[in-house]
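The chain that follows stands alone, in the form predicted on its own, written as structure tokens.
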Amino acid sequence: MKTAITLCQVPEALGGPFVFRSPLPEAFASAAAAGFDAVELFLPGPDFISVDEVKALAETHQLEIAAVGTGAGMLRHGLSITDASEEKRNDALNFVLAMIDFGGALNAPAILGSMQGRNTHDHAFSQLAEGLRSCGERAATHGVPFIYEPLNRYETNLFNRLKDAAQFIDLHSLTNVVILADLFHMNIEETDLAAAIKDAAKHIGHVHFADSNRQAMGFGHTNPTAVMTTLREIGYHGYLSAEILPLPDPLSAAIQTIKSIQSHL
């Protein structure tokens, strides 16, 4: 397993779970200095920075790009792929597809989290399936998967538990779509974190390594031992990415994450 940490450039995400928020050259340097293998990028959109600039930063600091987020589409533009408006759904899908292309050029998958929406209308689930299918197919053209993230009940009423999302993927025969296991959301929704990971094992493609209070692991009450044991048992070799609050400060959160991961690997 490899380590990653979130770098955010979206002003609207000021209170969100992103560690380094300084300009990207400084943020890449901070991630490398803390000892991470990779960074997860949360950007305003696909045109915020060129692929070549990101590649240069990654090469300079010997970092991989673990994934790119798409949540700015919701935060900045109020878009979701299950919106009741067809026009907004199309705008949302186009935004996500553009982020898939941006990430794909970096050999990195894109993540669908908040842009899945939180809708209750009758067609939301079929629209989600349609959107995931399109995203999985586009990501496949870049040789990367597309990552779907179940969120807690306060952020979406679509899928909150890993097993339900995995069954949905199977039911709709969605290819090249994997699940993000976010330990913070799972602490709210799952009765047993390790068992939930085991149940959805074949679909898990990314992990957000966060404690129960969304701080660095070790600053809340999650015991990650069983989680790490289960991830090893299912043969997970992907990233443990710190999508966490930068508390008590970004560097302390980063160092605590590395310390926690190293103690369990």
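Please read these numbers as outputs of a predicted model, since none were measured by experiment. Counting begins at 1, following the sequence as shown.
The form predicted together with a small molecule is left out here; the points below concern that form.
**Report entry** Heavy atom of each of Lys163, Glu190 and His203 within 4.5 Å of the small molecule in the predicted bound form
**Finding:** Contact check failed for every one of Lys163, Glu190 and His203.
Requested in this report: Name the single residue among Asp101, Asp91, Glu155, Glu130 that comes within 4.5 Å of the small molecule in the predicted bound form, judging by heavy atoms.
Outcome: The residue from Asp101, Asp91, Glu155, Glu130 that makes the contact is Glu155.
Query - Listed residue (Leu106, Leu151, Leu97, Ala124) with a non-hydrogen atom within 4.5 angstroms of the small molecule in the predicted bound form - result: By the 4.5 Å criterion, the partner-contacting residue is Leu151.
Query raised in the report: 46-54, 208-216, 29-37, 193-201: which one contacts the small molecule in the predicted bound form at 4.5 Å, heavy atom to heavy atom?
Result: This holds for exactly one stretch, 208-216.
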